[in-house]
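Shown next as structure tokens: one chain only, the form predicted alone.
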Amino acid sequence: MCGIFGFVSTRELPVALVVDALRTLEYRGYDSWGIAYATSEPVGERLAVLKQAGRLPQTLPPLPTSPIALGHTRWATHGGVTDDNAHPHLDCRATLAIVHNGIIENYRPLREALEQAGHHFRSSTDSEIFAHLLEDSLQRARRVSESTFSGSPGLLVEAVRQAFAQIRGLNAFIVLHLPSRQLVAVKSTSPLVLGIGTEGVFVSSDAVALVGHAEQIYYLRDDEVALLSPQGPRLFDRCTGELRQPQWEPLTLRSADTSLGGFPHYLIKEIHEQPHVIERILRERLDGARQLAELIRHSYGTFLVGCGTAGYAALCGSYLFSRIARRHVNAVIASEFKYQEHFLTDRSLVIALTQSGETVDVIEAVQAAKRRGATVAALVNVTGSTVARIADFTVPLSAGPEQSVLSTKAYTAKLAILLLVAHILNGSDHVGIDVLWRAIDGMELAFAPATLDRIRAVAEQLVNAEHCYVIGRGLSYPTALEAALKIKEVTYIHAEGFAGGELKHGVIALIQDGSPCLVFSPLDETRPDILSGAMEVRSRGGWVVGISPEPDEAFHVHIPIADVGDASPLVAIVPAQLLAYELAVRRGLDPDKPRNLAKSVTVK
């Protein structure tokens, strides 16, 4: 889940360029940060390293220029959050620097062997092992001077191939080799994107960090090694070492896509972007929705898989397909899917829901489906991602970059596409299109000043709460789960979502005087029952906030939403997202970077 970045150029570029890229990538991890670059000051050519625990400071001392540099922002896995454990890591001779995203699963025996061979470790991470493995591979590969090596790029690639073959797990590395002033990139599942621009060659764990630097990009494959030199990139087969020809594509992201755009945080910006995302889906993704509907129609067993927020979108999709299309579609948590893969056949369809397309649990689920001969489709936001490449068919979410760790617009994008597909299966395409246009207007209602005032008043009331309960029924049950997740992710308030009918089966024991409870109550068949449950909570001292098109005596506070029928999950979640944001701000927390979390979960 770490962010990694590097560049190499024919001329000196500001090293601060790497720091700026790390700020863009910091949503992938912010336990520590670091950079390494080639410098000839003050005493000959060497690798300069600057790294420390904690988030990137707002200001840094002036940094020099260099023709080659790399950097890292960390989500800690092995080793504590310390300066020594921050990346980059060097080999014993300080001629190699590496940055790493992933986990080396067999790090213990490798480290023991390297220590016995005389290698000195400066950190307690698994990552540093690769620097020393590579050092050994280079020494074995040739015993001539480093000056001769600089003219032999194949040797560095061969050494990386040998070192990478010794490790186990899902990993991505960028290697800086000082004598040859070259970078090498290699990966297994964890993402790496190459970029070429007028200033040089770039590599990053996410294309968003390449905006403003690269005009064309290439998503590195697992069976490739990339050698990046001032003269340009070259790709090699990781197994045979043979040269490959990449197919470059334009980088379509622009600076406006990754800027705050006048908002104080990315989370609130992305919440406000949701109506525009749904409109884009209606204009650009109808054909994709129709093709996905045909895949479902001809499948014998369809499964929606996702993790976290995407998992709740999958659960909501199962309700939508039952309600609208009269079709049974299974929703399975991706991390548990491999334990239920045994019923898959070559007639099954597995639909992966993922923002990044790099979530390891989703990748493992689709790989399990592939092994069973099932067809894999994907609703994914990053079109060049691992899941997008594995899938037989993809519908892009068209949500644009999500830079807050919390997913918002990708969630509603998934719901919109699933609703469309359900209506297409039912033969009611026009109804699905119409209800989504109504949902766009309904989302905007949540941003009206009067509605925002009520949400902020609720936030003031809850700012010191320790617990919060969220209930819903039917289509609103997944919404309750997602609302609770948003609150606990960003505010650290213990929030739990429940099916409203489960209150009497144990949950109501948690309610006491003043216990806050959010209640989702659309104008559908669940309303009488959910209001009955809300009144039971109120009668036991609970403080009830109703998110509903109409008020009710069970609510202490009513937050109004539009009545949009089956699209209610899209409009109902927006006030909950806004409440989570307002609570985080009032509690003095960073809404974009919650503790212990990272955007793309690329490790187990």
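When you see a residue number, it is the position in the sequence shown, counting from 1. Computed from a predicted model, the values in this text were never measured in an experiment.
Form predicted in complex with a small molecule: not shown, discussed below.
Enquirer: Wondering, does residue 478 line up within 4.5 Å of the small molecule in the predicted complex on heavy atoms?
Expert: Outside the cut-off, so no.
Enquirer: Can you work out whether residue 102 and the small molecule are in contact in the predicted complex, taking contact to mean some heavy atom pair no more than 4.5 Å apart?
Expert: Residue 102: no, not in contact with the small molecule in the predicted complex.
Enquirer: State yes or no: in the predicted complex, is some non-hydrogen atom of residue 458 no more than 4.5 angstroms from a non-hydrogen atom of the small molecule?
Expert: No, residue 458 is distant from the partner.
Enquirer: Are any of the heavy atoms in residue 489 no more than 4.5 Å from a heavy atom of the small molecule in the predicted complex?
Expert: Residue-level check for residue 489: yes, a contact with the small molecule.
Enquirer: By the heavy atom within 4.5 Å rule, which residue out of 274, 521, 355, 205 makes contact with the small molecule in the predicted complex?
Expert: The residue in contact is 355.
Enquirer: Of the options 394, 85, 309, 385, which one has a non-hydrogen atom that comes within 4.5 Å of the small molecule in the predicted complex?
Expert: Result of the distance check: 309.
Enquirer: Honest question, do 9, 69 and 176 all end up within 4.5 Å of the small molecule in the predicted complex by heavy atom distance?
Expert: No, the whole trio is out of contact, none within 4.5 Å by any heavy atom.
Enquirer: Which one, 496 to 504, 442 to 450, 182 to 190, 355 to 363, holds residues whose non-hydrogen atoms are within 4.5 Å of the small molecule in the predicted complex?
Expert: Heavy-atom contact with the partner occurs in 355 to 363.
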